[in-house]
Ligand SMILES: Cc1ncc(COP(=O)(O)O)c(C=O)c1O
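The chain below stands alone and is given as structure tokens, in the form predicted alone.
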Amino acid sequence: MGYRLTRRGLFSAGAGVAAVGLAGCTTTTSATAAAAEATGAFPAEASGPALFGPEAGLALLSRNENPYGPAPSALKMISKAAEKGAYYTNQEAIVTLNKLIADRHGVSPEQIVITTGSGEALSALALIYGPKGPIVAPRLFWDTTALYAAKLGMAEIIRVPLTEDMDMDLAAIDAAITPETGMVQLCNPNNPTGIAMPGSVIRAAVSKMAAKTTVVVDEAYIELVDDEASMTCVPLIKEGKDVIVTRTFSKIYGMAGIRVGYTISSAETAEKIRYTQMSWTPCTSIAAAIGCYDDTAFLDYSKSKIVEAREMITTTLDALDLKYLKSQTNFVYFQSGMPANDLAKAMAAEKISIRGQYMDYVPWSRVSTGKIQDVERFCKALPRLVNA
């Protein structure tokens, strides 16, 4: 692994519904909870002075990016497409990518919609279903897209508290569905907690919910789990359930800045999403996705580096006897024993960027897996900072 840390090696308003008694939070009132939920779990993050990517010397471990991408197969196709950048994206390119995706998942190409990242897809879904009624979701989830509609006055978010173990409370989410519900939005594995719901659990719950309302399952990190085939909710779509799955090339493919995502749904729902899309995915993005979609050698390498870095982080946390949530993603949610914003500030002073506090979850920090040498810097700094 290149770096090992042992205990001996150390030294001896808003848009959501307010909730009280929230797992992982410090003392929270209805007012502070509502204010936190109006801001959302993912406030804007300051960027450095570099034109592209992180500034020199910065260990960028705050944004769940995969620095091992894009794959050479993607870059080769980007170069070819860029040479033809004077022309709008050919429909044939979109058809080609649709077919690649559809063939892998065993659905028809008409059930696939290509978007500029899964963010555009989720924003479109919030605009489609938000006006019909509240969006029911776990209290912590990737809420930026739901808030997009809420801030336009087109949606309300009902946030259901997490369990004491910081997991999605699927039974409580199901109980929160009413005839007025617009849709349910879940994220599996969840962000920022990193917890992955077993397929047998989430499929049963989503199937039950989908009998009452549309259920959107954000699977941005699904390729990083131990067993993707058993965990994805795509089989429910093939059974005719009212389920929409969103995917992205931002994570395992390492193309966060290139912006390609897609939805899998019924053909009828896919047509609604196409009508609500807000942009056209560039020819370079489509080309990159075609080039690397079936690049299994790169995908295996990418996942192996993410797992290696994640194990470095959890080994460090174990050695420090710090609490963390079991992750099947490219980040870890943990408690350092100090407020998250204080730890983020201390790390920033050493040119290591991690995420600070989410909403009112003061004790919880999130660190992403990045380049191995950058994760090593985090693992070496953490013991010193938390024991300062």
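All residue numbers refer to positions in the sequence shown, first residue = 1. No experiment lies behind these values; they were computed from the predicted model shown.
Form predicted together with this ligand: not shown, discussed below.
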Completion exercise
As a check of understanding, the residue in Gly130, Pro138, Gly119, Gly194 with any heavy atom within 4.5 Å of this ligand in the model of the complex should be identified as Gly119
Completion exercise
in the model of the complex, the residue from Arg310, Lys241, Arg203, Lys251 with a non-hydrogen atom within 4.5 Å of this ligand is Lys251
Exercise for the section: Verify the contact flag for Lys305: yes if a non-hydrogen atom of it lies within 4.5 Å of a non-hydrogen atom of this ligand in the model of the complex, no if not. Expected result: no
Practice task
Indicate whether this ligand has at least one heavy atom within 4.5 Å of a heavy atom of Trp142 in the model of the complex.
Solution key: yes
Handout entry: this ligand contact in the model of the complex: Cys187, any heavy atom under 4.5 Å
Key = yes
Problem - Partner proximity in the model of the complex: Ala220 to this ligand, non-hydrogen atom cutoff 4.5 Å - result: yes
Fill in the blank from the handout: Of 287-295, 265-273, 220-228, 147-155, the segment with heavy atoms within 4.5 Å of this ligand in the model of the complex is residues 220-228
